[in-house]
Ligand code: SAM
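Given next, in structure tokens, is a single chain: the form predicted alone.
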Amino acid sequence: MQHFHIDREILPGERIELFGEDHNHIKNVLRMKRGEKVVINDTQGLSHICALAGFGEGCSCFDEEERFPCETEPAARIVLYQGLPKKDKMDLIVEKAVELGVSRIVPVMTGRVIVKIEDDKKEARKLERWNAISKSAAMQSGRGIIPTVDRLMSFNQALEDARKLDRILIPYEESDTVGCTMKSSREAIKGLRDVKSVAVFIGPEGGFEAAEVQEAMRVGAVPVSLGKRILRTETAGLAALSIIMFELEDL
């Protein structure tokens, strides 16, 4: 069944109306008929199986038939702090990170970031596109929520923001220089079974500066290794998220 989202609680017995792009997709792309069913997820972590009742003025109308807790969300809330990459790589990162289960994505300006976004209008356009990509990926993958892509933060702002979460991981290609081994990395990943929220920091194309890793460690970040090979920025985050989700998925 197709998945849709509504940005509020769905009350028992109410007629549910979907507007805008959702309505157009239902009526003109899917060409749904009365009685055909979809899943609509709300802000309370609930999934609702709903049957199309008909079309109103600019909306698709549904009646709820069944509700149950959403089963597609991971046990822990994952926030990806992504060093801003060049060109359109962020589009791919947002799409795949949402498919893998992140709840929020924060673009980060680190010391080795090459791209500079100095225009508020340019940043707003990028955020609009990234959040549209997030919504599309969430619907395609059956997510219970639509993850948000936040405004660009400095590295120090991102660290301060991440301190609100239970655990901070920072994959680092020179992890051996800070005493990190594959064994300690596995232990750090397994330890996520005991937490409710996790921050994952990924560097840009040039990686993190050593001073940035030290600063992250001072606020409690745990360096981890993703293996012996150096991964591109668009690969590193997806590798880290895949490992984390594999560990959390059966909880």
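From 1 onward, residues are counted along the sequence shown. The structure presented is a predicted model; accordingly, all values stated were derived computationally and were not measured.
Another form, the form predicted in complex with this ligand, is not on view; read the next lines as being about it.
None of E205, D63, E36, E215 but one reaches within 4.5 angstroms of this ligand in the model of the complex through a heavy atom, and that residue is E205. A residue is said to contact a partner when one of its heavy atoms sits within 4.5 Å of a partner heavy atom; L231 meets this definition for this ligand in the model of the complex.
Remark: L226 counts among the residues lining this ligand in the model of the complex, judged by a heavy atom distance of 4.5 Å or less. Although the partner is absent here, E173 lies within 4.5 Å of this ligand in the model of the complex, judged by heavy atoms. Although the partner is absent here, A236 sits close enough that one of its heavy atoms falls within 4.5 Å of this ligand in the model of the complex. Residues of just one listed stretch (194-202, 47-55, 65-73, 25-33) have heavy atoms within 4.5 Å of this ligand in the model of the complex: 194-202.
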